[in-house]
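Okay, here we've got a single chain as structure tokens, the form predicted on its own, with questions on binding and movement later.
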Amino acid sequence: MGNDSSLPSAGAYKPLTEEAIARICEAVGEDACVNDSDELRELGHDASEFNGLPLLVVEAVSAHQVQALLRLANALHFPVTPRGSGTGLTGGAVPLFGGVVLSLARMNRILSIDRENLITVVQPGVINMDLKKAVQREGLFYPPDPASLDTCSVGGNAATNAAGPSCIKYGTTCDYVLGLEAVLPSGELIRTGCRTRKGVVGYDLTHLLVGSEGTLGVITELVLRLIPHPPAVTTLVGLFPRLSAAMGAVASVLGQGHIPCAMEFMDRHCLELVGDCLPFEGVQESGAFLLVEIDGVPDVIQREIEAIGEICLECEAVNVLLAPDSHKRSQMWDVRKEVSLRVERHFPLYIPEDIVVPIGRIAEFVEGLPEMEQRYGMKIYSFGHAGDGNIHLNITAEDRRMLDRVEEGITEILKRVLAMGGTISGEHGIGMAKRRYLPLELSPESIRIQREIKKVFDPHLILNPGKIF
């Protein structure tokens, strides 16, 4: 695999000389070019542990600038790494081979909100939360809700097909992308998709670009589907003696026809770490925490959340608490988001994984983690989206010198996930962090085809090289 022509080496690119930088700045405008050393270092990493150092950053404000940059990249053969808000966890926005980082953060305008047709047109740098608030003022709803929704960009969400807790009811980012404007590695501008709910003209290039992690094209505009905003929402928290009981409740809730807009769980390790932040007793002593959220018509969801509470009690919940007001709901979600932050602060070695297993096997999978912890000398904090089987594993160790051993353990965990019929990544993507694990899940022929697709779009391998493969 290391000799494949779709895997460039550092020597595959020409140096970005002062003359080349001058040509870039002339083409995109001096105001768009950043070469201050501190800013270059800052924009050379994302939220992962990976770092790179670009020789230049271009902060684009238009598709024309993106086109000019990529045309020069092909002519002068230097790499370009697209970047949104830098919240990714897999190194997808890290300039592995130096070159130019193309920041789309300044392309952050909501171009239109069409209430009649339930669509919005946005630039890629729009922050997810800002979009949610803007469309909510029009009585509309944009559901995708990654954990970093207050800082992540919609373009970055599309590049990784990001999801979040609402996925169980509303789906992932790709379910809301109707069409795109994108610049291909050649510098050509294309428009894909349409502004209607249906459209089957030609190959679906829109959803080939969505989830491609910035390796096939640079998204410069998105046409997004909206839905009416739910009139009300309410939340329930169940405390269980063990995770298997909580997962039994999840299966019962879904099996009885309820479709929550979120079902989140935390295991015992997580509760020991953040249980002190929750406003009720007995949390840190519990074996599992289950948060269920329902949205819809007030009277209807009140009856439904009470029925779900009864199901939880029948499934051995030791306590069920309702949080109908927005302050208490916000408090519970803040605690759920605090887990990763505390884990990262507490351990010198911290590796986040986001696997997915069939819903009915979550408990079986998590209950097998203590054996992995003991065998490989690591501690694993598991939480995630119980409603769709997406488990976030915060894998830790007390000493960074244990990295090789811990990575052996991660490989074993991923093999177990696949044996259960799952997948090695639910929302974070592959980037640099998981590319070595790709052959565990995909056949050689599947990888070959995908590399050939990459070469069709990007024959000179100048766009986000070294990612995924």
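Not measured: the values here are computed from a predicted model. Residues carry their position along the shown sequence, with the first being 1.
Here the subject shifts to the form predicted together with another copy of the chain, a form of this protein not shown in this document.
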**OP:** Could you tell me which of 162-170, 395-403, 268-276, 339-347 sits within 4.5 Å of another copy of the chain in the predicted bound form, going by non-hydrogen atoms?
**Re:** 162-170
Original post:
Each of 132, 318 and 366 near another copy of the chain in the predicted bound form, meaning some heavy atom within 4.5 Å?
Top reply: no
**OP:** Determine whether any heavy atom of residue 203 comes within 4.5 Å of a heavy atom of another copy of the chain in the predicted bound form, and answer yes or no.
**Re:** yes
Original post:
Any of the heavy atoms of residue 314 lying within 4.5 Å of another copy of the chain in the predicted bound form?
Top reply: no
**OP:** Consider residue 425 of the chain shown here, and say whether it contacts another copy of the chain in the predicted bound form, taking contact as heavy atoms within 4.5 Å.
**Re:** yes
Original post:
With the partner left out of view, is residue 335 within 4.5 angstroms of another copy of the chain in the predicted bound form by any non-hydrogen atom?
Top reply: no
Original post:
Of the options 28, 56, 413, 430, which one has a non-hydrogen atom that comes within 4.5 Å of another copy of the chain in the predicted bound form?
Top reply: 430
Original post:
in the predicted bound form, which residues of 364-398 put a heavy atom within 4.5 Å of another copy of the chain?
Top reply: 385, 388, 390
